[in-house]
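Same chain, two forms, each on its own as structure tokens: structure 1, then structure 2.
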Structure 1
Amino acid sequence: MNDPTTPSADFDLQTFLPYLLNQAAEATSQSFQATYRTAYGMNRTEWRVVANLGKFGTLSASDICRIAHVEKTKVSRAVLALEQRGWLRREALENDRRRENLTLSTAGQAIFADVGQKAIAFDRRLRARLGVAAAEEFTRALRLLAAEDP
């Protein structure tokens, strides 16, 4: 296999894991994005902010950066957009005036409940397509590859 005198096999993009991962990620994200885009005009980052605030209740912007692995400038802009539409409230912290607590408004919670339910259904369909057991193994592999180090 690794005879140094013979040229090694040519590279094939179609079997390259990063490429395949991108294709699958694009296809599924693109497909689900209609759910929050057409109904609420949110982009992906805004939806992720809503999803994390919906789950954790209250977070700071930098918390969201860490948890969801999103750039802080993206979070900053998403928070502004969500606030302007009345889906999110900011609250200053007395003990550290650099940060602010973010919380979904009632309207924001309703949106989280709506899109969240559809996300659960969407996820269930994807897992059914893979087979429920295989989906578990698949998820483990994704987490392994997503781990920072390489």
Structure 2
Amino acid sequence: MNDPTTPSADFDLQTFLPYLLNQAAEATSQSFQATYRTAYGMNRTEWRVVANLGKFGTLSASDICRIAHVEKTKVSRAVLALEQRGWLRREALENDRRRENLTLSTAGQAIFADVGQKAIAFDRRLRARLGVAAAEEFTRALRLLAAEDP
């Protein structure tokens, strides 16, 4: 029986796949964050709201939470901040006043187009670092992990 106060010789955090995925995601996300933070003063959740509305069009806050895997309170704060800047519009649903449809304003669409082009360039640089074959295999592996609960 292992002593709970003694570190396990079997477990190595540095090779634990969830830890490595988190480290890679944080490093790349923080690097790209400089793009939208510098140009538009957005935080990560605000960018995720803009990116999802830019890609999918009209969504509810609940839809964004589900798609982007972001907590409801963070999305609510992001929606309010984006609305105050004039980058997002809300429209209450006639049949359910508790839900709102969210869409990007014309200014929000322009920001999505601008940051989206920068995101494409950032993605190309990441893929170039990996090489074509490794980037394709890595993309397949990430999609497999995202689709299933291991």
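For the two forms, the rigid core is made up of the largest set of C-alpha atoms that agree within 1.5 Å on superposition. Residue numbering: structure 1 sequence, from 1. If you're wondering where the values come from, they're calculated on a predicted model, not measured in any experiment.
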task = Mark the structure, either 1 or 2, that is the form predicted together with another copy of the chain.
result = 1
key: Leu20: Cα shift of 2 Å or greater between structures 1 and 2 (core-aligned)   = yes
message = At a 2 Å cut-off on C-alpha positions, does Leu130 qualify as shifted between structures 1 and 2 after fitting the rigid core?
response = no
